[in-house]
Each structure stands twice: as C-alpha cells, then as structure tokens.
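The same protein chain appears twice below, in two forms, each given on its own as structure tokens and labelled structure 1 and structure 2.
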Structure 1
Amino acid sequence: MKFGKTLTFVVLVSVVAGLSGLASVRAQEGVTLRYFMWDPEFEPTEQQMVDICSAELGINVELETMEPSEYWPRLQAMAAAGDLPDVFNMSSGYVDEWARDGLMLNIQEYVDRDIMPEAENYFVGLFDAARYPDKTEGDMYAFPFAFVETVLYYNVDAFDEAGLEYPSEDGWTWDEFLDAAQALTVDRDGDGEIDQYGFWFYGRYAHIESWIYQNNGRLLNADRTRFEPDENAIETLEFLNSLIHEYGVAPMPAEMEGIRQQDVFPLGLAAMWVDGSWNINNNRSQLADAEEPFSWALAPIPRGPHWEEDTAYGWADLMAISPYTEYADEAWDFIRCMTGPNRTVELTFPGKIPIYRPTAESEDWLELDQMPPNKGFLLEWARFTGPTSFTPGWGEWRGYVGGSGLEAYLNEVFNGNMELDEALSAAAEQANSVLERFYPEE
C-alpha cells in the first residue's frame, strides 16, 4: 500500500503538534531520560534523532551506546540492581525472558491509545514480537523501531560469468540452489584451491534457522518449552552439512577463521550467503573500496522438499521502558517520536526496515540507484515473516552469548569434528537444561 505526500504531511503535522504541546511543560520540569543503545556504529545517527525528540518534547535525553558484547552483560547487571535506564534497546530474542521477570514496562495501554488509531502507518504484524505471554494475544512490552529479514545475498557478476539465471524472487528450490552453488564454486588458477565457493555459512542463527523454516521445520516443541528438532529440521541440517562435506560448494567454518563472517561475501570468497538484511551497509562499504567490486542482489531463502508456504525468518529491533522509571509517560512519548515520521530515511539504519510504513515505502528508502537494485524485495519478503526460535534463555542455549550452545555444536559438525546426531544430542542436553529453568517439568 502506498501513501501519498498529503497523508504523510498530515500525520507529521498532527504528531508534531501533539508533541510540541507537551514540550514547554516538560522543559520546566527538567525531565532527564537515560537511553541505552547497543551499536556504536549508529551513534551519530541516533544522536541526531535524540536531539530532534529532545527538542520537540522539551526533555533531556542522555544517550549511551556500547557493543552488543558489552551491552547485555551491563544491562543485566543494572536489571539485577533495579537501576535500568529509562529507555533501552531490546532484542526480540529477550522479550519473553525480560517480560517474564518484570524488567520491562507493559506499554499496551500506550499503544492502544496512540498507535492503533493510525495502525495503517505501521507494520503491525511485527508487534507480536513484543507480546508476552502469548505472541498473538499478549500485551506489548516493547515497541519496534525497525525490523530485519534474513535473505540470500548473491553475486550478480558471478552468476553472469557462470551463465546462470538469477534466483527467482517468486521462489526457488534446494536443487536449483545446489546446481547454482556447484557452478559458482571455482578454482580459477588450477592450483587445487577453491578461489570462490558457491556458498558460505556456519552455525550462526541467521545462517541456519531461515533454511529450517523454509523446509517447514522447527527446532522447538509445539509449546516452545524444549529443544526438540523435528525431522524436517534435521533434514535441513543434513543438507547444509552436505554442502561442505559431500558437494564441496561451501568451506568449513575453520577455513574462514580470521575473516569477519560478514566480509566473506563482499571479499568475493563466496558467491552466495544467507544472513540478515542489516548487512547491506557492510556490503556497500566493503565493495566501495574493493579492487574488484561486483554487483549483487537479494533473493528468498531456497525452499526445501517439505516446503508448504514461504516463511521469512525476521524479527523486530525494539525499544523498552524500565519498570523503575519515574517518567513513564515521557519515556513513551520519546519512543513514539523516535519510531514515527521524525525518523526520516536519512536517519534510518541501512538494511533495517523502518516500522513506520510511509518511510519504508518511499523511493528514498528503496534507493534504486544503489546496490542491491532490488532492495524493495525486503518489503515483499516481510509479508511472510513467521516463527522464530526465541525463548527465555535463547541467547544462552543458541550460543548468541558466549559463543557456546547450538552454534558451537553445529560448527563442530561443519568442521568435520562431530557427527550431526551426536551434536544435536549434546545441544539438546545443554539447551533443555537452560529451558528447564524457565519451564520446569511438573
């Protein structure tokens, strides 16, 4: 659905008018909010947004950013001390755990009052990521500022060189993918070493789960209380492992040691790669300085043999309010300002889709003059956003925090050091020991 300039202008005026009426009162009150964000790379952009919203609301906002590896340990320590920042970034992977422990303010009343009357301006389907305890009927405990999708990146020039048709945005299969990966795996100088692999992946969540969902599989049981991969999930992991050890179209993860995982594709070491849309900016940056730059584009995740309907693995990045804040109303108004029409295209994060629809659907955001030429595919693919494996303790059992968990076990398989059934058995024992803390057996 497209929105014209008139509607966008009316919404902007109404929001600004509503916020400006509060500004003079709050300026006199001397309200100061602390806001924590997890990515220093985007600090200059976020500071601009903070300045805009501080001025409109008549409040002071102190922004602090840190690396994700530092962010969560610090936030957890602050939560334990009952001293959380007034507003903080929240991951979809932690919503259940933090809401369960009473560490985020229930914002459903605010959303009903201020957002739902203009719901057509938001990707409201992503709101479910912030609901607890039920993902469709529970109350919201955080509000999305953007969302991401996992997609397949492919080297257009490599496809041309191999005489291959590009992946169809309408869908393609594992067999079609494998044929392409074999054709794209090249030893250019005949020295017996692969110069360009067809594909690159390791045990990372964004590399793996999207394949499982496109084969109608799951890692968890039906009520999401235990790690219990079904047959379709196991089949998917077997297929991915075969890309390395049977077909030789992907490297063992150890072969790429010392290279940032997000740089393997833009360095031309692999012609295809599945990961989050947030990597668009890194691709552009790396290829801008490359000796041999190439064109690239986006495609859907290939469909497995048990595919029934497209299922995009995506999730929201969120902003939450501390349950301990003295300024809940001001914190909510700050979030509303940070996530609405004030966040123009110039102030969005590359590769992340703004939750505010008019911005996401604008020609400026689609960036038709830059790579990838089909960035708009993200909006189409987002229509199929489906399940995730997020649970309380997800970061621990999945290996998102600390590098252990399922990711480590899968890497042992992909590096040829462990059989898949052995790895899944060990992963289940570790994952379920985590999940049992939250869902003890009766």
Structure 2
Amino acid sequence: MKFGKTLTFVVLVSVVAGLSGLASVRAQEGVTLRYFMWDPEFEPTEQQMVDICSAELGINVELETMEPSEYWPRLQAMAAAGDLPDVFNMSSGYVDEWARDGLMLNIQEYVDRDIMPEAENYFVGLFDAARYPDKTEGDMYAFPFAFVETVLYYNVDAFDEAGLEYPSEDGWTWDEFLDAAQALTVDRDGDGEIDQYGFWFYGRYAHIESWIYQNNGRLLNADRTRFEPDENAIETLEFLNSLIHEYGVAPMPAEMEGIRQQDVFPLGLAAMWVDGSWNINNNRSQLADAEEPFSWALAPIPRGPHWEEDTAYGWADLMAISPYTEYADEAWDFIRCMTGPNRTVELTFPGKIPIYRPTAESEDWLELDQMPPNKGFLLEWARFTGPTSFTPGWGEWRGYVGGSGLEAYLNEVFNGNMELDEALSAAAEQANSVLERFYPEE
C-alpha cells in the first residue's frame, strides 16, 4: 500500500516536471504554427516560402502537404475534433460551408488594417470569393494567395496552316469561333477519321460555365439556392452540343475516353480548348516531349449572342486561419508573408496568378521566352472575373468527377445518348434535391 502511494507520487511528480519542461522548451522556441497545404507536388516550393516567412517572423511553421483526396477528409475530421491546423488552404467552393459552420476565423479587420491601405497591390476583385454570407458585402474569412481563370487555348501553328487569323483578344463571336473550328477540323490522311478537331470539350464545369457566362447566362436562380438554368444558359448548351452533332467540329467525349482530358489539346487532337490556366504547365511539359511541338496561345472565351459584358470564369485559392488557434495574429502575419512580395516569381504556382500584383505583373512572371507568349492576357482577363456556380454541395450536384451530377448528364447529351431537355430536367431534379438539403423550402 505504502509502495503504491510512493509510486503514484513519483509518477505525478514526473508528469508535472515533464510538462513544465515541455512548456519551458516551447516558450524558448516561440510560436509554432501548423500549416496544411493541398498540393504535395509543390511541397519543395512551399517549404522554401515557409522557411522565408518563418525566418522573417521569428516563428516556427510546420508544413504538411497532402493530396486533396486525403486533405479534405482529414481537415474535416480535425474540424470535428476542434483541432484544425492554425493555417490551412481553402477552396473558393467551400468558403460558404466552412464559414457558416464557424470553422474559419473572420479576418476582415486584419484585411482592413493591413491590406486595404495598399489595395492597389492586390487583385482585390478576387477577395469576394472569401466573403460570407454575401459575396460582395460579407466579411472575409480567408485570404487569396493565387487565382485561376478559364481561357481559350489555341494552336497557333494550326491557325497558320489553315490561313486563319488568331482569335481576337477583344473577343470573338460564336460565328467567328465556329468558322475557325470548321477550318481547323482536319482528316489529314483521308481515312474518314478526324485527325485534328477544331475544338474539344465535355461536361466538365470549366469547359461549360465559361461559355455560359460569356452568353450572359446563369445555371442558378438569383439567390443561388436552386439549379435553374436560364434561357441563355440553355442556348449555350445547345450551341456546344451542335459543335459535336451538327457541325462535327468537336469529338464526342466518348471518343477521347482513355486519354487524359488535359492531354487532348497538347497531343494535337484538337486545335482549340477551353479550360483553366492551371493547365499551362501540363501543356508545356507535354509539348516539350512531343515529336511535333507546336506554338500555342491564350484568348478570351467567345461571346454568345446575348453577351453584354466580358465575364471571366475564375476563382481564388485561399488560406484560412483556424478559429481555434492560439496565435491568430501570428497566423495572419504568416498569411501576409506567404501572399505578399516575399513570394517571388520562382516561388509561384505555375498556371496560377499570384494575388500580389507587382509579382504577377513582373516581366519574370510573364515568361516571355516560353509558351504561351501572351501569358499577360490572364491579367487582363482577370479584370472580368465574375460569377461561379459554387454552392454548398456543389461537388455533389455539379459532378466533379465523371460518374455523376450535371457533368455526367451533359456527357450523355454530348455522346448522343440523351436529349438536352431530358438531361437538364433530370439534372435539375438531382441538383435541387441536393440544394434543398442546404436551403429547405420554407
């Protein structure tokens, strides 16, 4: 009995001594932030940035990177446990859900104090992606570190070969686009199989919505609570469908099955393609290894018959602060450091536009010695960044991978297995059953 009491006493003393030792070590080492990032491919680059900012701020930062498939489940489990990393990457598509659930710190005061006095140095229009509950009036719950835009990629050599003028940066009409697509659709060996299509797309969000917004269309109703494509959106989808089934200038998605969708353009199977600026790197690497590399460039998305003003489909990638952090000030300073002048051109993400204007507008970032020669067009186009269809449950109703959602229904249309009105009606039923969970009928 006496031995037991002595043992308990010794254990307790050891624990207390250990804890106080830990505390003193921690105090000596200063603040340690945990930072989660979703892109392991760029871990070395991000680690360099972390090292720079840690040294500048006199804090420790532990960087952890993981694939998005692991990133979100883990982050959500940590949120449930009230143990989020101090700083973490956030998608524009999840801002509303996470802000609503109180899982991101409101950083509006920090932004007002430190960023707005030098607003000219930032693409402030992109800040709206981080606002909640209203996308123009709401407070910011995360800070953008970069953003992306969807653009029209075109094969310069194919245009030259066909004797066509390049797409105007002032904007092509659908008719002009269609004329070019027809001229660019080529069966070189006359075997009845098209060797180069004029254009390539499928039901993917980046391939579709860019066109809808340039035709002044919308997929959602005014308060963004229901899937209700308007007439302009339906007109856009009909036009896209006609490119495959009426004009034959684009392949059915099924024809390209088995090829990574982002490789169709650099493989020379299509002369034009609409997708995000993040594909610049893939184009470069694919064409560097190609037997017959070609020149390519960027242009705006063609304007539909109901176009009123240019509207670019783009969104920001963000950094958020945990509401549970003990070091909110330090976390904000870290975000400022990671998104400001310290992130020099060589530390930016290929195909993503840094939020800090002097870096984005520098000659180094424009990479004039590489394709595309008009990378600066992204900065021009960014001025027109407009709506997205991000809502709670977006991935479920929009369909982020091939098997489900609006994307899957549109693919059935483009593959000739379903009529457009039938597909939209089925997609609306499914999408609205998802949206109803977040915005119940009153």
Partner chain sequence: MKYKKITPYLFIAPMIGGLALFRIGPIIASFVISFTRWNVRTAPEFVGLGNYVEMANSDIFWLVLKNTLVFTALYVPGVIVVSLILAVILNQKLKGIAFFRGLYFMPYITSMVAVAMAWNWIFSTRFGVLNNVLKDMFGVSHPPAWLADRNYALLVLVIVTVWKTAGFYMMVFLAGLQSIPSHIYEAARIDGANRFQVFFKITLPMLSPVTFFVLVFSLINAFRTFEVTYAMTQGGPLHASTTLAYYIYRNAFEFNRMGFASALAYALMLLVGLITALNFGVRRRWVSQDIY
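Counting starts at 1 and follows the sequence of structure 1. Model, not experiment: these values are computed from the prediction. By rigid core we mean the largest C-alpha set that fits within 1.5 Å across both forms.
Q: Only one of these is the form predicted alone, so let me know which.
A: Note: form predicted alone is structure 1; the other is not.
Q: Treating the motion between the two structures as two rigid parts rotating, tell me which of Trp315, Asn106, Arg204, Leu237 is at the hinge.
A: Where C-alphas switch their better-fitting rigid part, the residue is Trp315.
Q: Name the rotation angle of the smaller rigid part against the larger part between the two structures, given in degrees.
A: It comes to 9 degrees of rotation for the smaller part.
Q: Please report, in Å, how much the Cα atom of Met66 moves between the two structures when the rigid core is superposed.
A: A shift of 2.6 Å.
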